[in-house]
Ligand code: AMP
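Read the single chain below, which is given as structure tokens and is the form predicted on its own.
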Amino acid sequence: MSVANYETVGQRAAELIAKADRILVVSHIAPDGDAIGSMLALGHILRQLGKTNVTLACDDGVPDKLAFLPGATAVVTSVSGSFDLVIVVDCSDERRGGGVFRAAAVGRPLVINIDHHITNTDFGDVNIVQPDTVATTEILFLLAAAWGVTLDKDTAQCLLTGLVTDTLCFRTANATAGVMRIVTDLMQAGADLSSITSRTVNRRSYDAICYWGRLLQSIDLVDGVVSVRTSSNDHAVNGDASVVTLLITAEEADMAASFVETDDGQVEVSLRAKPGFDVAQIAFKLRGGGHSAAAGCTVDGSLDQVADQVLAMMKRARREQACA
């Protein structure tokens, strides 16, 4: 979408921002690079717009591998008091906004919803939802231009992190020439592509590698769907959710899933699909969300119960989609 169109779609958002005194920026639980990059980048943009009373919040805080991003130390995990405006980024529905969003919602503030997930429920008073973008940071890049904000090095670093992580370092089908032009602009503004790639894509702890070694011994491939199951005890210490991204590289698989049983009777489900297949609708049926190629949800039940249910849905969807 062009900058001109963002001047139209972002005008109401700009008006709400201009009127607001106390602003809260929220992203989703279990945040990834696009969630944190979007939240921090928007914080920098709002300050350039003259907003000094801005709070950045996420239930689960900033993951260690994203702590290098400028402004990461300012993120809080709980909020109190009232806000004039809540801006939710990279979050497909209110539930994934977590406790910080629920706490702020008690005061009934206006909500701006900025996201790129096709399963977004349009829960904001103003919804800037563009599923054709590769990351929420791409939307924020275009909004910043529409709002007349000149990107500094810190903002560019945060925006580029979202693009890198949500495209697996530009290996996804939607990493178009237009996206690469944005990458060039961000690098010219001071973003360090090599550093971002090294910290977010090419680096993991020794414990995480050992975890992968144990986990990969239990992978299963049936009817073009590859999957793995694990308990939270192992995952909480040594886990790395990107294992499902490795699973989908199997030549024989069209869909992949990882299932992690938590301590509170739930299972965290991560789904992936090769081009031409869609796992977003499966996640949406289970009150989750995401994209056609990458989605997730949290489901009540035991590990085997949930895994069997979801795998049955995936195998049925794969057969239907293969025939479409």
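Remember, predicted model here, so these are calculated numbers, not experimental data. Residue indices: 1-based, along the sequence shown.
A second form of this protein, the form predicted together with adenosine monophosphate (AMP), is not displayed here; the remarks below concern that form.
**Report entry** adenosine monophosphate (AMP) in the predicted complex: contacting segment from 265-273, 50-58, 37-45, 64-72, heavy atom within 4.5 Å
**Finding:** After filtering at 4.5 Å, what remains is 265-273.
Query raised in the report: Is the gap between residue 288 and adenosine monophosphate (AMP) in the predicted complex 4.5 Å or less for some heavy atom pair?
Result: Residue 288 belongs to the contact set for adenosine monophosphate (AMP).
Query raised in the report: Is residue 92 close enough to touch adenosine monophosphate (AMP) in the predicted complex, meaning at least one heavy atom pair within 4.5 Å?
Result: Looking in the predicted complex, residue contacts with adenosine monophosphate (AMP) include residue 92, since a heavy atom lies within 4.5 Å.
**Report entry** Contact label in the predicted complex: residue 33 to adenosine monophosphate (AMP), heavy atom within 4.5 Å
**Finding:** Residue-level check for residue 33: no, no contact with adenosine monophosphate (AMP).
Report task. Evaluate residue 282 for contact with adenosine monophosphate (AMP) in the predicted complex, applying a 4.5 angstroms cut-off between non-hydrogen atoms, and reply yes or no. Result -> No, residue 282 stays farther than 4.5 Å from adenosine monophosphate (AMP) in the predicted complex.
Query - adenosine monophosphate (AMP): the contacting residue among 295, 260, 26, 256 in the predicted complex [heavy atom, 4.5 Å] - result: When adenosine monophosphate (AMP) is considered in the predicted complex, the option within 4.5 Å is 295.
Report task. Quick one: name the residues from 83-117 with any non-hydrogen atom within 4.5 angstroms of adenosine monophosphate (AMP) in the predicted complex. Result -> Going through 83-117 in order - heavy atoms within 4.5 Å of adenosine monophosphate (AMP) in the predicted complex - the hits are 92, 96, 117.
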